[in-house]
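Heads up, the chain below is alone and in the form predicted alone; it's given as structure tokens.
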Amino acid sequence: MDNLTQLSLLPGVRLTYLQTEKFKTDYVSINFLRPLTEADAPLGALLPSVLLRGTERYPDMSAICAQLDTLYGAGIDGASRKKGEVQIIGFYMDFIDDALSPDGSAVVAPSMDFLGEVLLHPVLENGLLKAEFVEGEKFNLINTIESQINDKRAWASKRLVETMFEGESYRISRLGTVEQVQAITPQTLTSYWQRVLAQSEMEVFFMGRASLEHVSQGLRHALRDLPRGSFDAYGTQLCYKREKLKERSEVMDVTQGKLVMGLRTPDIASTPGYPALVMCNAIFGGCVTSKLFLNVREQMSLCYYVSSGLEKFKGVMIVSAGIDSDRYEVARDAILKELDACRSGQISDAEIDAALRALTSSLQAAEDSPSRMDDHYLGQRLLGLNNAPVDLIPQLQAVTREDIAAAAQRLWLDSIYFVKGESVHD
């Protein structure tokens, strides 16, 4: 994009700056890039919420809310994301630009300072993160983890990932487990916080009206106390084909079975075959004009819902369907039949056109959302790329029917996980 600039703020800290006047608020995120590990995942999930409980200058939630009010209702939240085998933790904040403040007072620089305060100067007791805050946020995180089982569709996908990626870091939940969270102490979380600050590469994203000079100066000042050391390596390992298909199931109290199928592919967002894979996914199950939706759901009435989606950092397609538990085999075979149709090039011009329209609309809409742009450029950093979302559109337009078929042929069915009702037995 013409108004995109990237520069180094500090050692290991890169700013992606996107100037636009289409929004009434500015948006900034600060992100630490970490290897996804069993030990660190729950710590990374917990840390942002603990840091948001209080700082040296704003020691509790009421003081923090009061400060946000002085910034004309600025908003801040923590985030823990998983992209491939990389855990990304940090904060994002939105606030009005100086040019739009009611009395002309500065908002951008004070907002940056507040972010730095949250990140670098939390409330400490005897040199440790406050125990009350740690225990309170542990309780909240454990509730979140335990509630995952209530969404059976998400639960089935979680169990598929754990099954499919045994022996790989990608199987690790970004939230950790209840037992891991329970074991966290102020000492272990403080040590992790200090390690994150000193040993993590950082990606900062800004989107809004403020000038590059104003933003970069504000961020450098806010992060002036950031310790820097040697950085921990992060990255994603790709594993394409397994020797044998894994099929696993569990019985739960559900009225609707949850069928999830995981396929591997060598195509990720940084490889030449990726645009064809995106088109293949849209035609196969990624939109309401897809083969799975129109044929398996609408025409055959085999599924209450069915769709496919991509994880572009790990080379994975996941198909998710809600079915009657006693129709597992017929639904599974019908889904695979539609994939075979893609592999053999049984794809109409209408399907290609509909997929292209849906994808184009989604990519264009991404540029109207600061949070989606933030997520996009974080992903670009991990992939070593620097493209805007809409830059993919001409690549999609150039994809042929033969390219789509070839992408489908590179999809390898790895694992199936099925959550079935209690009245259905093997």
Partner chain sequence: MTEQFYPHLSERILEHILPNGLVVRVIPKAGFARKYAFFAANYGSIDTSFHFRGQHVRTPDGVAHYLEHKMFDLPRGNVMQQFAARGASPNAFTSYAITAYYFDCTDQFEDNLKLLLEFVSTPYFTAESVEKERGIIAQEIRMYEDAPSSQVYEQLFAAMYQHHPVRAPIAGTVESIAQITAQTLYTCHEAFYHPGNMCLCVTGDVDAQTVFAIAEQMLGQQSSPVPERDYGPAEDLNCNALRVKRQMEVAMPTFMLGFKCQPPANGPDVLRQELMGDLAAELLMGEASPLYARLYEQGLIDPSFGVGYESMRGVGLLVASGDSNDPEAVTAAILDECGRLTSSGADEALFRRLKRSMLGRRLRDLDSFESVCFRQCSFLFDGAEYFTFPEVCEAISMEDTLDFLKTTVVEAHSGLSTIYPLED
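Residue numbers count along the first chain shown, from 1. Since we're looking at a predicted model, the values are computed, not measured. In this text, rigid core is short for the largest set of C-alphas that superpose within 1.5 Å between two forms.
Beyond the structure shown, there is the form predicted together with its partner chain, which is absent from this document and is the topic of what follows.
Asks: Would its partner chain in the model of the complex be within 4.5 angstroms of a non-hydrogen atom of every residue among 53, 66 and 132?
Replies: The answer is yes: all three residues contact the partner (heavy atom, 4.5 Å cut-off).
Asks: Check each of 198, 294, 109, 238 and return the one that places a heavy atom within 4.5 angstroms of its partner chain in the model of the complex.
Replies: Only one option qualifies, and that one is 294.
Asks: Could you spot which one of 348, 344, 147, 211 gets a heavy atom to within 4.5 Å of its partner chain in the model of the complex?
Replies: Residue within 4.5 Å of the partner: 147.
Asks: Of these, 374-382, 53-61, 397-405, 40-48, which stretch puts a heavy atom within 4.5 angstroms of its partner chain in the model of the complex?
Replies: Looking at the other structure, the answer is 53-61.
Asks: Hey, in the model of the complex, is residue 23 touching its partner chain, heavy atoms inside 4.5 Å?
Replies: Yes - in the model of the complex, heavy atoms of residue 23 and its partner chain come within 4.5 Å of each other.
Asks: Looking at the partner-bound form in the model of the complex, is residue 127 within 4.5 Å of its partner chain by any heavy atom?
Replies: Output for residue 127 is no: heavy atoms all beyond 4.5 Å of its partner chain.
Asks: Hey, in the model of the complex, does residue 232 get a heavy atom within 4.5 angstroms of its partner chain?
Replies: Heavy-atom contact with its partner chain at 4.5 Å: absent for residue 232.
Asks: Within 4.5 Å, heavy atoms only: does residue 243 come near its partner chain in the model of the complex?
Replies: No - in the model of the complex, heavy atoms of residue 243 and its partner chain never come within 4.5 Å of each other.
Asks: Residue by residue through 298-332, tell me which have a non-hydrogen atom within 4.5 angstroms of its partner chain in the model of the complex.
Replies: Heavy-atom contacts to its partner chain in the model of the complex: 298, 299, 301, 304, 305, 323, 324.
Asks: For residue 129, does the CA position differ by 2 Å or more between this form and the one not shown when the superposition is done on the rigid core?
Replies: It does not reach a 2 Å shift.
Asks: Establish whether a shift of 2 Å or more occurs at the C-alpha of residue 227 between this form and the one not shown, with the two forms superposed on the rigid core.
Replies: No; residue 227 is a residue whose C-alpha shifts by less than 2 Å between this form and the one not shown when the cores are overlaid.
Asks: After fitting the rigid core, is the C-alpha of residue 162 off by 2 Å or more between this form and the one not shown?
Replies: No.
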